[in-house]
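Following this are structure 1 and structure 2, which are two forms of one protein chain, each written alone as structure tokens.
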Structure 1
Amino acid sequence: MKKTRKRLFAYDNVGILFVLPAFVYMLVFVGYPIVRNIVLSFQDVTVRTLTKPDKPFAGLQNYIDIFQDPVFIRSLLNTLIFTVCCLVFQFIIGFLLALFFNQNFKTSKVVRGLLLIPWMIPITVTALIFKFIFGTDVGILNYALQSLGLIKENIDWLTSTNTAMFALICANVWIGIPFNMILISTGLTTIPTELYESAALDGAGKVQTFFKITLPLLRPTIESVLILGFIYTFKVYDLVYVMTSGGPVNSTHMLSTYSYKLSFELFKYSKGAAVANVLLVILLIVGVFYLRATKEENE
């Protein structure tokens, strides 16, 4: 018994003991729900069969049904469009801000710190703020546009199929800009200043320096920012649910919100689980690319 304790608390095993609580937590609260959700997607579980000990086996029928469901296809396309649009604007604005605050001026650190506030605010609070901004009757945006004489009547930003997605993208871009800015700023600090000094001595201009030094050396950072941004954006739920709840007419349903609707509003638990698993598989594929990119960067 004493020898077992000595081996367990040996110097080489201490790290395992520290990791063990986190591993058990992840196993219970992450691993088990994922496995349970996968099993659920191959069953036919509704309100009628929820309490039955032997759930009917459905095989791949739930996956066949959702891929024939026009709302699911719309949700998948919405998620892709939402993710790509958010990534493009978040990255471009964040990149420009990172280049700007990389310059040495007195208030750069203070202003950069203030710009992190949108990222630190809970997403639910941000969603409520933007819901008020894009409101039809008491919305700040409609009031501002009418004051400037740009519109005569209020625009139904959140209740129109033409503008609801635009409002969601604006809200998510506002949240994601600080994340892109801070990671790219960190990447810029790793570039040796001697390279810029040598380029200046060789007569290279700012444009040449940017494309020959800054961009190539920032490539690992840019890849990480885009992949992580894709993962965070693709699984969006709370922002959409608070602002539009997937409406109007399913025009802003994402995979996450449609999975919630199937499971907890329509009580089609197995189909909701199948949608969630599609989301999981897509994120796992992107996650593998991220791990591979990180490994190549370390090598």
Structure 2
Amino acid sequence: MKKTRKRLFAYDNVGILFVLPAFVYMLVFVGYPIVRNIVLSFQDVTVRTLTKPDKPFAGLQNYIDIFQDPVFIRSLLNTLIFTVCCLVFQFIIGFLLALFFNQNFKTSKVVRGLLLIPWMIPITVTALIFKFIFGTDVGILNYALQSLGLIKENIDWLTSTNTAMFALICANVWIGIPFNMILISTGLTTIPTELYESAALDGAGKVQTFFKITLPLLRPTIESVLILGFIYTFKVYDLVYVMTSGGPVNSTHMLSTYSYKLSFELFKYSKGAAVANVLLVILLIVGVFYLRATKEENE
């Protein structure tokens, strides 16, 4: 036995052959594009020069330009506001649902399973559904609010600058709840029941048990849920593009949708690339925290 083990170890470098195809694939279709995008952001590329080999060098001009562009600043702030609001609501609702379904009653497992569906639906469809619900004349939300006497006239949710962001956040929270719920549920199952039993013996109340046992022991789970949630929410694209396309009057542009607009609607490829790189840098900074949190797991 011992001999085989040693032999295996000596041939460890064979392992690279298994990984290489996937790695090369990712280098070609992701690694190269990233580098290309960085280069692009330091050039001045238009439709005419897009496929030509010689592209004029622009230095930092694109970055200087975008930071003086009010729509970019607005998009950056929008992305932050959107992300923070979504995280807060989806985390709280997801957490409450996880606690609720952690009780072992008849329908707990089945219903919790069904609640995952919103997360799996293609985001384009989710966007369409919420566009329908938030519709001015056709939307059921306006009808419900009217019949409850909360509003007198229909609200133009998606076409008014004050409310469009709210509609987007609602839609995204709907997608995010299952993700938060299931990860926290899994975290809850790792807490040994004996801890709760001895806490009960010591006369600890439910609230006290929650803050003294559940919350501290869930900390690693909570960290990774929030960091992953941040990454996923911050790069939001499809939802906003389909529901509002950044409108009305740029009030809901996110970094991703604004970058898309610059590149594929206005054909300012280099400015679009610069915006995308700002988005990338922010995500990478947050990503470092994620890597640190999961370091042991991926050793």
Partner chain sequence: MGGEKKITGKKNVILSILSVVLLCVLLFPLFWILMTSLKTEQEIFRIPPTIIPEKLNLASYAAQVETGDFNMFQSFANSFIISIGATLISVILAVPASYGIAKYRFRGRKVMLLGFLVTQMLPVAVLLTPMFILFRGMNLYNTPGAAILADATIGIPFSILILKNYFASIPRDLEEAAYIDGCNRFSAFIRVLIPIAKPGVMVCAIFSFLYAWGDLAYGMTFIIDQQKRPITAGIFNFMGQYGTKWSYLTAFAVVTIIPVALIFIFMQKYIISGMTSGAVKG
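Between two forms, the rigid core is defined as the largest C-alpha subset superposing within 1.5 Å. Predicted model only: the values in this text are computed from it and were never measured. Structure 1 provides the reference sequence; residues are numbered from 1 along it.
Structure 2, not structure 1, represents the form predicted in complex with its partner chain. In this overlay on the rigid core, Ser245 has a C-alpha that sits less than 2 Å away from its partner position between structure 1 and structure 2. Once both forms are fitted on their rigid core, the CA atom of Arg36 lies less than 2 Å apart between structure 1 and structure 2. After superposition on the rigid core, the Cα atom of Thr49 is displaced by 2 Å or more between structure 1 and structure 2.
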